[in-house]
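Starting off, we have a lone chain in the form predicted on its own, written out as C-alpha coordinates.
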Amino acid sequence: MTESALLRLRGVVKKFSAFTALHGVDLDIHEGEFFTIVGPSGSGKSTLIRLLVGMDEVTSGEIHLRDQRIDQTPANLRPTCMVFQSLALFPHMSVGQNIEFPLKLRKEPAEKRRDRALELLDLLRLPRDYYHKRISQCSGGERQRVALARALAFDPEILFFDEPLSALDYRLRKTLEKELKDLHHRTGKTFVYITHSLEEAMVMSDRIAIMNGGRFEQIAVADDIYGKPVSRFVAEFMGEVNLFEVTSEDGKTLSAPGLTVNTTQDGLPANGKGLLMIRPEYVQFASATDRFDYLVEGQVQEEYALGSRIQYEIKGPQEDLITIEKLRENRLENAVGQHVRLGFNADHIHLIGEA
(Lines give C-alpha, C1' and ligand atoms only; values in the text may rest on other atoms or scores of the structure.)
Protein backbone atom coordinates (compact mmCIF):
# COMPACT_ATOMS: atom_id res chain seq x y z
CA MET A 1 0.00 0.00 0.00
CA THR A 2 1.34 3.39 -0.95
CA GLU A 3 0.80 6.45 1.16
CA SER A 4 -0.54 8.63 -1.65
CA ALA A 5 -4.14 9.76 -1.19
CA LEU A 6 -6.07 8.32 -4.10
CA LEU A 7 -9.43 9.67 -2.93
CA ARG A 8 -9.82 12.90 -0.96
CA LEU A 9 -12.94 14.41 0.59
CA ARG A 10 -12.91 17.94 1.90
CA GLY A 11 -15.84 19.46 3.81
CA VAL A 12 -18.45 17.19 2.22
CA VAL A 13 -21.98 18.05 3.32
CA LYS A 14 -25.16 16.28 2.22
CA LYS A 15 -28.59 17.66 3.09
CA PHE A 16 -32.04 16.29 2.38
CA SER A 17 -34.36 19.27 2.84
CA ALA A 18 -33.96 20.23 6.52
CA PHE A 19 -32.07 17.04 7.45
CA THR A 20 -28.26 17.01 7.30
CA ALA A 21 -26.98 13.48 6.61
CA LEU A 22 -23.27 14.37 6.41
CA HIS A 23 -21.62 17.20 8.35
CA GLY A 24 -18.47 18.51 6.63
CA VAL A 25 -16.72 15.16 6.17
CA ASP A 26 -12.96 15.09 5.52
CA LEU A 27 -11.31 11.84 4.45
CA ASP A 28 -8.19 10.52 2.70
CA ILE A 29 -8.21 6.99 1.24
CA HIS A 30 -4.82 5.69 0.17
CA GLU A 31 -4.12 3.91 -3.08
CA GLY A 32 -4.26 0.13 -2.73
CA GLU A 33 -5.81 -0.01 0.74
CA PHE A 34 -8.84 -1.90 2.01
CA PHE A 35 -10.84 0.84 3.75
CA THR A 36 -14.02 -0.04 5.63
CA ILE A 37 -16.72 2.32 6.87
CA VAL A 38 -18.76 0.98 9.80
CA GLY A 39 -21.67 2.51 11.63
CA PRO A 40 -25.21 1.93 12.85
CA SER A 41 -28.26 2.45 10.65
CA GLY A 42 -28.71 6.15 9.91
CA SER A 43 -25.08 7.04 10.61
CA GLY A 44 -24.52 8.31 7.05
CA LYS A 45 -22.33 5.53 5.63
CA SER A 46 -24.65 4.61 2.74
CA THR A 47 -25.21 8.28 1.92
CA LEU A 48 -21.44 8.75 1.78
CA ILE A 49 -20.83 5.88 -0.59
CA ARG A 50 -23.63 7.05 -2.90
CA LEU A 51 -21.82 10.39 -3.16
CA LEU A 52 -18.51 8.67 -3.86
CA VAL A 53 -19.88 6.64 -6.79
CA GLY A 54 -21.95 9.54 -8.17
CA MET A 55 -25.44 8.23 -7.39
CA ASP A 56 -26.19 11.42 -5.41
CA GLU A 57 -24.81 14.97 -5.55
CA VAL A 58 -22.99 16.70 -2.72
CA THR A 59 -24.67 19.73 -1.16
CA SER A 60 -21.28 21.34 -0.59
CA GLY A 61 -17.65 20.32 -0.36
CA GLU A 62 -15.34 18.56 -2.81
CA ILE A 63 -14.37 15.02 -3.80
CA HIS A 64 -11.04 14.49 -5.59
CA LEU A 65 -9.75 11.36 -7.31
CA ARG A 66 -6.00 11.82 -7.62
CA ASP A 67 -5.77 15.46 -8.72
CA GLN A 68 -9.14 15.65 -10.44
CA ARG A 69 -12.32 16.92 -8.83
CA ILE A 70 -15.09 14.38 -9.50
CA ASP A 71 -18.06 15.40 -7.34
CA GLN A 72 -19.73 16.94 -10.42
CA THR A 73 -18.75 14.05 -12.71
CA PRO A 74 -21.60 11.68 -13.70
CA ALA A 75 -21.38 8.16 -12.27
CA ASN A 76 -20.86 6.53 -15.68
CA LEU A 77 -17.79 8.68 -16.32
CA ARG A 78 -16.04 7.92 -13.03
CA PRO A 79 -13.35 5.19 -12.93
CA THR A 80 -15.17 3.47 -10.07
CA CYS A 81 -17.54 0.55 -9.68
CA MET A 82 -20.06 -0.54 -7.03
CA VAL A 83 -20.86 -4.07 -5.85
CA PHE A 84 -24.35 -3.91 -4.38
CA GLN A 85 -25.93 -6.04 -1.67
CA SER A 86 -28.45 -7.23 -4.27
CA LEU A 87 -25.56 -7.91 -6.73
CA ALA A 88 -27.76 -6.64 -9.62
CA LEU A 89 -26.81 -9.52 -11.90
CA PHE A 90 -28.86 -10.18 -15.04
CA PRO A 91 -30.75 -13.45 -14.43
CA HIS A 92 -31.49 -14.01 -18.13
CA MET A 93 -27.79 -13.90 -19.05
CA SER A 94 -25.08 -16.50 -18.60
CA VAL A 95 -22.16 -16.02 -16.22
CA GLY A 96 -19.93 -15.05 -19.13
CA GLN A 97 -22.44 -12.55 -20.50
CA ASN A 98 -22.77 -10.91 -17.08
CA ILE A 99 -19.01 -10.55 -16.73
CA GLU A 100 -18.65 -9.23 -20.29
CA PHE A 101 -21.45 -6.69 -19.96
CA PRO A 102 -19.26 -3.64 -19.15
CA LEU A 103 -16.88 -4.62 -21.95
CA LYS A 104 -19.80 -4.87 -24.36
CA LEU A 105 -20.86 -1.34 -23.39
CA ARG A 106 -17.36 -0.23 -24.38
CA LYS A 107 -17.81 -2.02 -27.71
CA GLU A 108 -14.88 -4.34 -27.13
CA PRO A 109 -14.55 -7.16 -29.74
CA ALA A 110 -16.26 -10.43 -28.82
CA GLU A 111 -13.01 -12.41 -28.69
CA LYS A 112 -11.38 -9.89 -26.37
CA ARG A 113 -14.46 -9.89 -24.13
CA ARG A 114 -14.40 -13.68 -23.86
CA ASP A 115 -10.68 -13.78 -23.09
CA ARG A 116 -11.10 -11.22 -20.31
CA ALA A 117 -14.13 -13.05 -18.87
CA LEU A 118 -12.13 -16.30 -18.72
CA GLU A 119 -9.22 -14.49 -17.02
CA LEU A 120 -11.61 -13.15 -14.40
CA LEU A 121 -13.15 -16.57 -13.82
CA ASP A 122 -9.63 -17.80 -13.10
CA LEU A 123 -9.00 -14.84 -10.79
CA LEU A 124 -12.22 -15.49 -8.84
CA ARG A 125 -11.45 -19.23 -8.79
CA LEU A 126 -14.52 -20.27 -10.73
CA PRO A 127 -14.24 -23.10 -13.32
CA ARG A 128 -13.98 -21.86 -16.89
CA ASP A 129 -16.98 -23.96 -17.92
CA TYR A 130 -19.08 -21.61 -15.77
CA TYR A 131 -18.81 -19.20 -18.68
CA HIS A 132 -21.99 -20.76 -20.17
CA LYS A 133 -23.76 -21.43 -16.86
CA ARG A 134 -27.00 -19.56 -16.14
CA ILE A 135 -27.02 -17.18 -13.19
CA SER A 136 -30.13 -18.95 -11.86
CA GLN A 137 -28.07 -22.14 -11.58
CA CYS A 138 -25.37 -20.52 -9.41
CA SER A 139 -25.22 -20.67 -5.64
CA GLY A 140 -25.13 -17.55 -3.47
CA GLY A 141 -21.36 -17.67 -3.16
CA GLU A 142 -20.91 -18.21 -6.90
CA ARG A 143 -23.14 -15.21 -7.65
CA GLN A 144 -20.98 -13.09 -5.34
CA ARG A 145 -17.91 -14.13 -7.30
CA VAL A 146 -19.61 -13.37 -10.63
CA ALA A 147 -20.58 -9.90 -9.37
CA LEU A 148 -16.97 -9.29 -8.36
CA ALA A 149 -15.71 -10.49 -11.74
CA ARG A 150 -18.11 -8.14 -13.53
CA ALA A 151 -16.97 -5.23 -11.34
CA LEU A 152 -13.33 -5.99 -12.13
CA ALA A 153 -14.14 -6.12 -15.83
CA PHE A 154 -14.67 -2.35 -15.63
CA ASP A 155 -11.01 -2.15 -14.52
CA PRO A 156 -11.96 0.53 -11.97
CA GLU A 157 -9.48 2.46 -9.89
CA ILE A 158 -11.70 1.95 -6.83
CA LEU A 159 -14.21 -0.77 -6.02
CA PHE A 160 -17.02 0.22 -3.66
CA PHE A 161 -18.94 -2.43 -1.74
CA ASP A 162 -22.34 -1.77 -0.15
CA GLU A 163 -22.83 -4.58 2.40
CA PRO A 164 -22.42 -7.32 -0.24
CA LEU A 165 -22.25 -10.22 2.24
CA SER A 166 -25.07 -9.28 4.61
CA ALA A 167 -27.67 -11.60 3.07
CA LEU A 168 -25.46 -14.72 3.19
CA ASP A 169 -25.38 -17.42 5.84
CA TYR A 170 -22.63 -17.25 8.46
CA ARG A 171 -20.34 -19.98 7.09
CA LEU A 172 -20.41 -18.65 3.52
CA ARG A 173 -19.92 -15.10 4.76
CA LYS A 174 -16.78 -16.08 6.67
CA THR A 175 -15.41 -17.86 3.59
CA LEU A 176 -16.04 -14.88 1.34
CA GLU A 177 -14.49 -12.45 3.84
CA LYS A 178 -11.22 -14.32 3.47
CA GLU A 179 -11.60 -14.53 -0.30
CA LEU A 180 -12.25 -10.78 -0.56
CA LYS A 181 -9.14 -10.03 1.47
CA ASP A 182 -7.13 -12.40 -0.72
CA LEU A 183 -8.61 -10.86 -3.89
CA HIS A 184 -7.63 -7.40 -2.66
CA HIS A 185 -4.04 -8.55 -2.23
CA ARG A 186 -3.92 -10.23 -5.62
CA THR A 187 -5.43 -7.33 -7.60
CA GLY A 188 -3.82 -4.41 -5.75
CA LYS A 189 -7.04 -2.44 -6.23
CA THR A 190 -8.41 0.07 -3.75
CA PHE A 191 -11.44 -1.34 -1.92
CA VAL A 192 -13.91 0.87 -0.04
CA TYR A 193 -16.31 -1.28 1.93
CA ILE A 194 -19.54 -0.43 3.79
CA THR A 195 -20.77 -2.78 6.49
CA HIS A 196 -22.56 -2.93 9.82
CA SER A 197 -20.58 -6.07 10.75
CA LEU A 198 -17.66 -5.47 13.09
CA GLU A 199 -16.28 -8.92 12.31
CA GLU A 200 -16.11 -8.17 8.58
CA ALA A 201 -14.36 -4.88 9.26
CA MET A 202 -11.83 -6.41 11.66
CA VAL A 203 -11.01 -9.37 9.39
CA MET A 204 -10.57 -7.57 6.09
CA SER A 205 -9.57 -3.95 6.59
CA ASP A 206 -6.32 -2.01 6.53
CA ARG A 207 -8.15 0.88 8.21
CA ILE A 208 -11.61 1.29 9.69
CA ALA A 209 -13.72 4.45 9.93
CA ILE A 210 -16.50 4.58 12.55
CA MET A 211 -19.42 6.81 11.56
CA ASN A 212 -21.99 8.30 13.91
CA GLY A 213 -24.52 11.00 13.17
CA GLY A 214 -23.02 11.95 9.81
CA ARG A 215 -19.47 12.35 11.15
CA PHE A 216 -16.41 10.18 11.60
CA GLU A 217 -15.82 9.38 15.26
CA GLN A 218 -12.50 7.63 14.63
CA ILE A 219 -10.38 6.45 11.70
CA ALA A 220 -7.58 4.01 12.51
CA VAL A 221 -6.24 0.50 12.07
CA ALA A 222 -8.41 -2.26 13.51
CA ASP A 223 -6.29 -2.86 16.63
CA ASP A 224 -6.43 0.82 17.62
CA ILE A 225 -10.18 1.06 16.98
CA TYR A 226 -10.73 -1.95 19.25
CA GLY A 227 -8.09 -1.28 21.88
CA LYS A 228 -7.85 2.53 21.94
CA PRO A 229 -11.25 4.01 21.09
CA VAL A 230 -11.52 7.78 21.34
CA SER A 231 -15.08 7.91 22.70
CA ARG A 232 -17.71 5.95 24.60
CA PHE A 233 -19.61 5.44 21.35
CA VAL A 234 -16.66 3.78 19.59
CA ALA A 235 -15.80 1.68 22.65
CA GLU A 236 -19.34 0.34 22.93
CA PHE A 237 -19.86 -0.02 19.19
CA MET A 238 -16.74 -2.16 18.73
CA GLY A 239 -17.95 -5.09 20.84
CA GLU A 240 -18.43 -6.00 24.49
CA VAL A 241 -16.70 -3.59 26.85
CA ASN A 242 -16.56 -2.62 30.52
CA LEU A 243 -16.50 1.09 31.30
CA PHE A 244 -15.89 2.56 34.76
CA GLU A 245 -16.47 6.27 35.37
CA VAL A 246 -13.29 7.50 37.04
CA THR A 247 -11.94 10.75 38.44
CA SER A 248 -8.41 11.86 39.30
CA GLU A 249 -7.31 14.69 41.58
CA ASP A 250 -3.63 14.57 40.61
CA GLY A 251 -3.94 13.22 37.03
CA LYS A 252 -2.38 9.88 38.05
CA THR A 253 -4.39 8.28 40.85
CA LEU A 254 -7.76 7.09 39.62
CA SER A 255 -10.81 6.49 41.75
CA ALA A 256 -14.25 5.05 41.11
CA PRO A 257 -16.96 3.72 43.44
CA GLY A 258 -16.37 0.04 44.22
CA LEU A 259 -13.06 -0.12 42.33
CA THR A 260 -9.89 -0.84 44.29
CA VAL A 261 -6.91 0.82 42.58
CA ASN A 262 -3.36 -0.40 43.34
CA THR A 263 -1.43 1.60 40.77
CA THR A 264 -1.07 5.05 39.22
CA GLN A 265 -2.11 5.72 35.65
CA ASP A 266 -1.41 8.60 33.31
CA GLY A 267 -4.14 9.71 30.94
CA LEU A 268 -6.38 12.21 32.70
CA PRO A 269 -5.68 15.85 33.63
CA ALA A 270 -5.62 16.93 37.27
CA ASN A 271 -9.18 17.14 38.61
CA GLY A 272 -10.28 15.40 35.45
CA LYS A 273 -12.81 12.68 34.81
CA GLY A 274 -13.18 10.03 32.18
CA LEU A 275 -13.84 6.39 31.43
CA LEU A 276 -11.62 3.45 32.28
CA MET A 277 -12.13 0.81 29.58
CA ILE A 278 -11.28 -2.87 29.93
CA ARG A 279 -12.33 -5.52 27.39
CA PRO A 280 -13.97 -8.68 28.82
CA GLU A 281 -11.15 -11.02 27.76
CA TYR A 282 -8.68 -9.18 30.03
CA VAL A 283 -10.71 -9.51 33.24
CA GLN A 284 -9.74 -12.42 35.53
CA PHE A 285 -11.40 -14.24 38.39
CA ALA A 286 -9.17 -13.37 41.35
CA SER A 287 -8.52 -15.20 44.59
CA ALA A 288 -8.09 -13.42 47.92
CA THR A 289 -4.28 -13.54 47.53
CA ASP A 290 -4.03 -12.54 43.85
CA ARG A 291 -2.62 -9.08 43.23
CA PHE A 292 -3.99 -6.98 40.37
CA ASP A 293 -3.74 -3.27 39.56
CA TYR A 294 -7.53 -3.03 39.68
CA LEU A 295 -10.00 -5.11 41.69
CA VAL A 296 -13.79 -5.14 41.88
CA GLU A 297 -16.30 -7.49 43.48
CA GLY A 298 -19.71 -8.65 42.31
CA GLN A 299 -22.19 -11.49 41.89
CA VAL A 300 -22.52 -13.66 38.79
CA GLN A 301 -25.93 -13.06 37.19
CA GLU A 302 -25.74 -15.01 33.93
CA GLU A 303 -23.53 -17.43 32.02
CA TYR A 304 -23.60 -17.71 28.22
CA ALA A 305 -21.95 -20.38 26.08
CA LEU A 306 -20.35 -18.82 22.97
CA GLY A 307 -18.80 -21.83 21.30
CA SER A 308 -15.17 -21.96 22.41
CA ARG A 309 -15.76 -19.17 24.95
CA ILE A 310 -17.95 -18.63 28.01
CA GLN A 311 -19.29 -15.17 28.81
CA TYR A 312 -20.30 -14.11 32.33
CA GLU A 313 -22.39 -11.13 33.40
CA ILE A 314 -21.59 -9.95 36.91
CA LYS A 315 -23.52 -7.35 38.90
CA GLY A 316 -20.98 -4.85 40.20
CA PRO A 317 -21.03 -2.67 43.32
CA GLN A 318 -22.95 0.10 41.55
CA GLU A 319 -25.58 -2.34 40.20
CA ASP A 320 -23.81 -2.12 36.85
CA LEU A 321 -23.08 -5.22 34.77
CA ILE A 322 -19.47 -6.28 34.27
CA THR A 323 -18.82 -8.69 31.40
CA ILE A 324 -15.94 -11.15 31.28
CA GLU A 325 -15.05 -13.92 28.82
CA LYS A 326 -13.09 -17.11 29.41
CA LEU A 327 -12.06 -20.00 27.24
CA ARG A 328 -14.31 -22.99 27.75
CA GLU A 329 -11.56 -24.93 29.54
CA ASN A 330 -11.36 -22.11 32.13
CA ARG A 331 -15.07 -22.27 32.91
CA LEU A 332 -16.20 -21.37 36.43
CA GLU A 333 -18.27 -24.25 37.82
CA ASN A 334 -21.74 -23.43 39.22
CA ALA A 335 -21.08 -19.80 38.40
CA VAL A 336 -24.54 -18.22 38.60
CA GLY A 337 -25.15 -16.74 42.04
CA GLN A 338 -21.51 -16.86 43.18
CA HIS A 339 -19.89 -13.81 44.75
CA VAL A 340 -16.65 -13.24 42.86
CA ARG A 341 -13.59 -11.04 42.94
CA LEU A 342 -12.41 -9.70 39.60
CA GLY A 343 -9.01 -8.29 38.69
CA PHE A 344 -7.26 -6.71 35.74
CA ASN A 345 -3.97 -4.93 35.12
CA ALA A 346 -2.96 -1.50 33.90
CA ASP A 347 -1.35 -2.68 30.66
CA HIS A 348 -4.79 -3.82 29.39
CA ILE A 349 -6.84 -0.74 30.21
CA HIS A 350 -7.51 2.35 28.10
CA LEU A 351 -8.56 5.74 29.43
CA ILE A 352 -11.08 7.83 27.52
CA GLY A 353 -11.09 11.45 28.62
CA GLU A 354 -14.42 13.25 28.84
CA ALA A 355 -14.87 17.00 28.49
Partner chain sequence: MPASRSTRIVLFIYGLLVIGFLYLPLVSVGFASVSRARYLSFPIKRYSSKWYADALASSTVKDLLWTSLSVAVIVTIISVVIAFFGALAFARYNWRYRTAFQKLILLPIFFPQTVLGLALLMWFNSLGIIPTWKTAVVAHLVWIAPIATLIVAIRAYGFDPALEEAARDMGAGTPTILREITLPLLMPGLVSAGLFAFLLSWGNFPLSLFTTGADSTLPEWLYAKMVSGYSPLVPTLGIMSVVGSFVIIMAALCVAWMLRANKESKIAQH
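Numbering follows the first chain given and starts at 1. A quick note: this is a predicted structure, and the numbers were derived from the prediction, not measured.
Separately, the form predicted together with the partner chain exists; it is not shown, and the next lines address it.
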Option touching the partner chain, based on a heavy atom within 4.5 Å in the predicted complex, out of 128, 104, 185, 252
104
May I ask you to choose, among 172, 167, 93, 221, the residue with a heavy atom within 4.5 Å of the partner chain in the predicted complex?
93
For the partner chain in the predicted complex, the stretch among 49-57, 22-30, 64-72, 302-310 with residues bearing a heavy atom within 4.5 Å is 49-57
With heavy atoms only and a cut-off of 4.5 Å, decide whether residue 205 touches the partner chain in the predicted complex.
no
Hey, in the predicted complex, is residue 114 touching the partner chain, heavy atoms inside 4.5 Å?
yes
Contact between residue 86 and the partner chain in the predicted complex at 4.5 Å, heavy atoms?
yes
Quick one: is residue 178 in contact with the partner chain in the predicted complex, heavy atoms, 4.5 Å cut-off?
no
Spell it out for me: taking the partner chain in the predicted complex, does every residue among 82, 97 and 134 have a heavy atom no farther than 4.5 Å from it?
yes
In the predicted complex, residues of 142-179 near the partner chain [heavy atom within 4.5 Å]
150, 154
